[in-house]
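The chain below stands alone and is given as structure tokens, in the form predicted alone.
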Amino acid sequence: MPGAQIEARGLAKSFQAPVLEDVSFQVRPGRSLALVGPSGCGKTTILHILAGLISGDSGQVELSPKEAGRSLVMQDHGLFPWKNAARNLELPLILAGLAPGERKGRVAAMLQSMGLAGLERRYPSQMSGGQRQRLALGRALIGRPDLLILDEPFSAIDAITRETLQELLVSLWKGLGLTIVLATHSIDEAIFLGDQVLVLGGRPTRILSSLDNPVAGLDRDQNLPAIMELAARVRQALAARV
């Protein structure tokens, strides 16, 4: 599965008041981009534009290939509470027109890879926060997208589960060659998951800093000095927002 390339140029968006102004960035195939900034700065708006849910007032987003598949994992997971785990996973495959036999095989394989085997009949309300997040990731991935878009993916779960799921996401990213764009409030999460970190701020929001990150997805302890240095640069950029 090749990752998509993203070219965003001059994005602007208003909702009664201006939210985004002249936001431009590029993500190469198979790379990851982390958006970090204060609440209300427009991170989710950027993700929704990338996902095709809304359009910018000006500017443009180009995906290569143009028919690249996109999947979005929302903050509340977006799971259907009246469908069990297997049915939640199966839905994108039904919409894609896959035959029942292929759907069954893919669902079983995804349950296994997400560590959810044996939970296929459970409903979201019967699952832990970490299990629901795994299910949401699995549903986003089961259609084999080129671009995975994540909105505050691990904000509502405990620290240990969060780190476990971050590492799972890294393994999926590296193993499948996905292109990933995620929004997060966590500087540590942005640095662990983002090849490139965009610091957002201002009114309306613009890019305050774009930082290359050579330690994305690597051992946290072994690369602690580099991580601390990059975190300091992100904090400095956030503190300087106007």
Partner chain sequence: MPRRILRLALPVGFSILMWQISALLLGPRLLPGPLAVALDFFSCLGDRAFLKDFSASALRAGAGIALALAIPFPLGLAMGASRRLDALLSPIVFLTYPIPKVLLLPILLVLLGMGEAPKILLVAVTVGYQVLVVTRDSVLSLDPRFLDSFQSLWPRGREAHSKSFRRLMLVWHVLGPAALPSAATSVRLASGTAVAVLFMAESFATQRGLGYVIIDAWGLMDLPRMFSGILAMGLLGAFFYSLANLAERRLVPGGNA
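All figures in this text were calculated on a predicted structure; none of them were measured in a lab. Residue numbers count along the first chain shown, from 1.
Keep in mind that the form predicted together with its partner chain is missing from the display, and what follows is about it.
Residues placing heavy atoms within 4.5 Å of its partner chain in the predicted complex fall in a single listed stretch, namely 52-60, out of 52-60, 195-203, 30-38, 182-190.
None of Leu172, Leu116, Leu72, Ile157 but one reaches within 4.5 angstroms of its partner chain in the predicted complex through a heavy atom, and that residue is Leu72.
Between the options Val215, Leu211, Ala68, Leu176, the residue in contact with its partner chain in the predicted complex by a heavy atom within 4.5 angstroms is Ala68. Contact check for Leu111: every heavy atom lies farther than 4.5 Å from its partner chain in the predicted complex. Proximity of Leu95 to its partner chain in the predicted complex falls within the 4.5 Å heavy atom cutoff. For Pro100, no non-hydrogen atom is located within 4.5 Å of its partner chain in the predicted complex, even though that partner is not displayed. Arg134 falls outside the set of residues with a heavy atom inside 4.5 Å of its partner chain in the predicted complex. Along 76-102, these residues reach a heavy atom to within 4.5 Å of its partner chain in the predicted complex: Asp76, Gly78, Leu79, Phe80, Pro81, Trp82, Lys83, Leu91, Pro92, Ile94, Leu95, Ala96.
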